[in-house]
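Coming up is one lone chain in structure tokens, specifically the form predicted on its own.
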């Protein structure tokens, strides 16, 4: 008999029909006459109730059906008198695929802390919380692809192994086939990479942006969506060593169009979550963050406030003068911290904020320089609760300015000659931005730790599972 997924079974009104459902047991309770089995197959946060007549199956047969066991049930769909459910299945046949010893199975009916669940990340998708988060992760990926596809963008695959450090940060994971126990050195004492697989030093990428720009300067508008890697030793609730980035890049866009695209994009994703993830959102709102749905609506219903970094600093300095305490100092030229960004969004403007025109010293070499000689056409989108969610800029299309700025920031020509060449051969204005997928997931799920929105988090000293 063909299997029916539980999400469909719960919506069905085909009472009296035979149905086959399969899944993992959440709980089993009952009395000497009947067992009630809550079954879940991951298709929805809701369980379907299986009613098993003990006289039909026998107590010994039902005994191994404990929390975590996997079963297949063929039975009759009936209306349910139980609270909170409209249908249930009266079991005719039960097949046990796999048992789960109650003394050994790490997930029991009691609530578990998120910290404990990180230690058993291979099982945590079976919990209500992580089932909800990972279903929403899928939905956000679909929203992203749909948004760009409908607007004529091309999905462009940029390399994961690269010989250039796009951010100039130097915190990259090296990729090598050299024998680390016997590294050959040249006459200067440097490692001889000519013997390595690529004949030069190579690393995992921190961003697909530079290659994405090449795509935009050929195909018009592209987006990347793939894993990126940063080897910074940050053990915080906001940092991962392996995470996913979405990076659109558009030829002929200036900073104004870039800001508009960012606003429309993020609002589209949040609206998708509100419309298509209602059950999961309701659960996360109830269990973790009762302001979650209101905050999502707040982003969808408000135009984003746009202001320059200089204006933002003035507002923050005014707040300090009026007695507002911040952990980190504020002044023109400093990089804003999350607490500053959240003050602008949550307390001052009470709406999402796009900050532009940052000091060039705190931004990357490829950002277009303004005529004042001090600032660049950068933009950061700031959200409630998490601060920066998107970072982007208009790119410097002038060959001489880009080459000079790269040299000033210590990015060698030999690593980016191909990138500089796009400014020699038919240069054009263009702009783009990056969205950390897990930052978006933090926002739409209300989770507070970035390790809880990716199935298998990679952080310092943690590469399990």
Ligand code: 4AD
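Positions refer to the first chain, counted from 1. Everything quoted here is computed from the prediction, not taken from an experiment.
Not pictured, yet referred to below: the form predicted together with this ligand.
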item: Which of 343-351, 235-243, 268-276, 147-155 sits within 4.5 Å of this ligand in the model of the complex, heavy atom basis; value: 235-243
item: Partner-contacting position among 357, 280, 247, 88 - heavy atom within 4.5 Å of this ligand in the model of the complex; value: 247
item: Residue 388, heavy atom within 4.5 angstroms of this ligand in the model of the complex; value: yes
item: Exercise: residue 68 in contact with this ligand in the model of the complex, heavy atom 4.5 Å; value: no
item: Interface membership of residue 392, this ligand in the model of the complex, 4.5 Å heavy atom rule; value: yes
item: 4.5 Å heavy atom contact, residue 9 and this ligand in the model of the complex; value: no
item: Sequence-ordered residues of 357-387 touching this ligand in the model of the complex, heavy atom within 4.5 Å; value: 366
